[in-house]
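Form predicted on its own, single chain, as structure tokens, below.
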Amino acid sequence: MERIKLYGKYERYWHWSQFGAIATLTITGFEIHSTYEFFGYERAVNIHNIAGWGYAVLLIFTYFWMFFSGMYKQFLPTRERFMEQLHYYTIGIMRNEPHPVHKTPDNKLNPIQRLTYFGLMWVLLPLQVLTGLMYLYIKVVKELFGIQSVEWIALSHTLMAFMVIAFLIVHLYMITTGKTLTTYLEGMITGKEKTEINSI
């Protein structure tokens, strides 16, 4: 095992900013749907809209960073060791078996993570932002596209929000599956993580 630098400053900034935005959008989103009252409806809507715009800008900057740095390659799905990784997540992790894929600076995600993050980054989150903007500027959308009912936009936005929340719950659990409960968390704070070397 060796402690190596895996995550750069922007990766960590992006991760924690994204977490902050999603947490804010989730809290205010539930209040907008009258689950509870904390900020008050009008203030919750305003905070939700600001956080949504902030998240949209963050995504745009992150896409530019991914393409210009070449980081997007790490999010491309692969079949290599997919079944080994599936076995590990369904059986091996319970038996304390060794992880089949070890992180390196050029390969931080295992095959299942690659597939998951590909769907999240390139499909779910852009659609989530798009439906949010459509609902925010619904009058313009109606005039441009002649849409009469906006219910499908609201339902789609809410459904995808629950999908993001489901991902976050699983993500929080997976953080605890390292060598210690805080191994992966420390990596995203300091940028360095203990990992096996000379293997992939």
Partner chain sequence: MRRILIFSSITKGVGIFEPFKTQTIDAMKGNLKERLETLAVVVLLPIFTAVVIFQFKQTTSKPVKVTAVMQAEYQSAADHSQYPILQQNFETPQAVTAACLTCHTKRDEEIMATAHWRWERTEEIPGRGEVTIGKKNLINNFCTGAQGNNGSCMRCHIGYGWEDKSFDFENPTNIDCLVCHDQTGTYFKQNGKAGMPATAATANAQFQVPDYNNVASNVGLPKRNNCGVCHFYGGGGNNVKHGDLEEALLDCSRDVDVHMSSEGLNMQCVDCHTTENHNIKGKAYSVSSANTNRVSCEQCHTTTPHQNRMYDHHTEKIACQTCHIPTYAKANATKLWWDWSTAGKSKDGKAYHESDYEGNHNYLSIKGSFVWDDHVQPEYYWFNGTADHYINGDTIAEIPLKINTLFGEYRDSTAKIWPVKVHRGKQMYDTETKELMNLKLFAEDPGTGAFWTDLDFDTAAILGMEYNERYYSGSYDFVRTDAYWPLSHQVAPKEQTLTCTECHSRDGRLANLNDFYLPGKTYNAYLDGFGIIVIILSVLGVISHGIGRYVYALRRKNQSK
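Numbering follows the first chain given and starts at 1. Since the structure is predicted, the reported quantities are computational estimates derived from the model, not experimental observations.
This next part talks about the form predicted together with its partner chain, which is not shown.
**Student:** Given the stretches 76-84, 91-99, 124-132, 111-119, which is the single one in contact with its partner chain in the predicted complex, using a heavy atom cutoff of 4.5 Å?
**Tutor:** That would be 91-99.
**Student:** So in the predicted complex, does any heavy atom of Trp65 sit within 4.5 Å of its partner chain?
**Tutor:** Residue-level check for Trp65: yes, a contact with its partner chain.
**Student:** Can you check whether Tyr10 is within 4.5 Å of its partner chain in the predicted complex, heavy atom basis?
**Tutor:** Tyr10 belongs to the contact set for its partner chain.
**Student:** Using a 4.5 angstroms cut-off on non-hydrogen atoms, would Phe145 count as touching its partner chain in the predicted complex?
**Tutor:** Phe145: no, not in contact with its partner chain in the predicted complex.
**Student:** Hey, in the predicted complex, is Phe39 touching its partner chain, heavy atoms inside 4.5 Å?
**Tutor:** No, Phe39 stays farther than 4.5 Å from its partner chain in the predicted complex.
**Student:** So which bits of 162-194 sit within 4.5 Å of its partner chain in the predicted complex, heavy atoms only?
**Tutor:** The stretch 162-194, when checked against its partner chain in the predicted complex, contributes Phe162, Met163, Ile165, Ala166, Ile169, Val170, Tyr173, Thr176, Thr177, Leu181 at the 4.5 Å heavy-atom cut-off.
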